[in-house]
Every structure is written in C-alpha cells, then in structure tokens.
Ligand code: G3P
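Coming up is one lone chain in structure tokens, specifically the form predicted alone.
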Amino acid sequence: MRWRDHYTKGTLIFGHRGASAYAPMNTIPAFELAYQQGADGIELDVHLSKDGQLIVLHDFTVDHTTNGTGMANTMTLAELKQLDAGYKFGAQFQGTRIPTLDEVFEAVGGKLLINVEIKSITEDTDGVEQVTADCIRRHGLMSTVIVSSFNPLALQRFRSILPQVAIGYLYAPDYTFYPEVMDTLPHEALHPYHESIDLALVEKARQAEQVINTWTVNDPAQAVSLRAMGVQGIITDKPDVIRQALA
C-alpha cells in the first residue's frame, strides 16, 4: 500500500503532537488520547539525544515542556528520562516521560498513521535521518509513516536512505529553508500552514499527485471549508472537535 492510499476514505485527521489540547504534547498519553478521540493519525517531532537516541520532543530545548533546562542534544537518554514532561499540564500527568520513537511506535504504531517531523535547522546532519529510517524499518511501518521537515536538506538525506517512505514538505509564509531543493526532490505531500492554502495550491498538488496535510486547524468551520477545497489531511490539537465537524 502507498501512503496516499490511506486517503481513499476521505479527509484524514492527525493529532498535532497527539491530542495536545488535552494532554502534554508529544507524550504517550497524548498519542493514545488522539486514538481514543478518533484520529486517523498523529504528528510528532524527533531529535537525537547526546548518545544518539531518537527522542520525541518539539523544541530543541527541554525548557518549555519539562521541569528541566537546556538543549536536548546535550543530554543522554537516561538524563532526559529523568525529566517530568507532564507536570506543567496538570497533576494527573505528573511523572509523564519524554518518549523515544521506538516507544511511540510500540504504543500506537499498529493503530495510527504517524507523521514524523525531523527537527533540523542546519545544512549538515547529526545523523537523525539515518536513525529515523532505521527505526521505521525496524518496526516495519514503511507504509504507515510519512516523514516531514521544514528542512529540505533533511528530507533529501532521508529520501536517499529510505526511498520507500513518503515525505512531506513543511513550510509557512514566513519560514522557508532552501526551498529550491524541493523543486527537484520528488515528494508525496505538502504540509503548508493553513492560511497558505487556496484553490490554486490544491489544484497544483492534485496535478502533481500530492496530498495536502495542513496545520494547525482547531476551528470546526475552517476544517469543513478546507475539506471542501480538497485538502486531504488536517493536523489539529483537538481531534475530537474536528472529527465531529467532519462527521
């Protein structure tokens, strides 16, 4: 099965960092809740730890979502696992840990499509593309994972390692990074910010046989409008709300 074949049942809903309106982002509870709320998939972010382990975390630092401080890539996995990734969200999530991508795949890899965003802002690689490819291959999820990034160079490197896995180009009006690379890099999906979408973009993607997964849409009326335009995937903090809107 190709990645785009999953879209035959209609517009898909992806939990943005899980059901992140209701549970701490990029944690197992948030991903499991997205599934319970009827999401078709989840979106998450990956970095490498100091000792080369693939962790699921949005920022390059741990400051925003945990009780720790500092750059994630300066800490070992053991050090990162000591941090509380849930206490800021409420007492019921106290003690929630930063997961590895392996742990996420083990928890929900058989239930959900997974959009793995590689966090990269440099021309050179730290090896994250290879480790991500190895993890996807190890779990046998080549047809249910799509790899996205704002960094076309990271997508280019990943594609050369594991061409069987779909890739999606993330971009926003005020943030692009070597966009010309995408002109010659085949990619199965576009991941634009929702305000960037118009009928011309939808038609361009259709002609290129690309799907559009847009972020981050929490307004029900907007979700309905985007579906009517032909957008195939909606990434949201509130899978339950958007599921009800698209029912």
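For every residue, the number given is its place in the sequence shown, counted from 1. The structure displayed is predicted, hence computed values, not measured ones.
A second form of this protein, the form predicted together with SN-glycerol-3-phosphate (G3P), is not displayed here; the remarks below concern that form.
With the partner omitted from this view, the residue of Ile136, Ala166, Leu170, Ile114 that lies near SN-glycerol-3-phosphate (G3P) in the predicted bound form is Leu170 [heavy atom within 4.5 Å].
Contact annotation for Lys81: none of its heavy atoms lies within 4.5 Å of SN-glycerol-3-phosphate (G3P) in the predicted bound form. Remark: Glu32 does not count among the residues lining SN-glycerol-3-phosphate (G3P) in the predicted bound form, judged by a heavy atom distance of 4.5 Å or less. Although the partner is absent here, Phe150 is a contact residue: one of its heavy atoms lies within 4.5 angstroms of SN-glycerol-3-phosphate (G3P) in the predicted bound form. Under a 4.5 angstroms non-hydrogen atom cutoff, SN-glycerol-3-phosphate (G3P) in the predicted bound form lacks Asp40 among its neighbouring residues. Remark: of stretches 117-125, 93-101, 156-164, 71-79, the one touching SN-glycerol-3-phosphate (G3P) in the predicted bound form is 117-125 (heavy atom within 4.5 Å). Residues are counted as partner-facing when one of their heavy atoms sits within 4.5 Å of SN-glycerol-3-phosphate (G3P) in the predicted bound form; in 46-85 only His58 qualifies.
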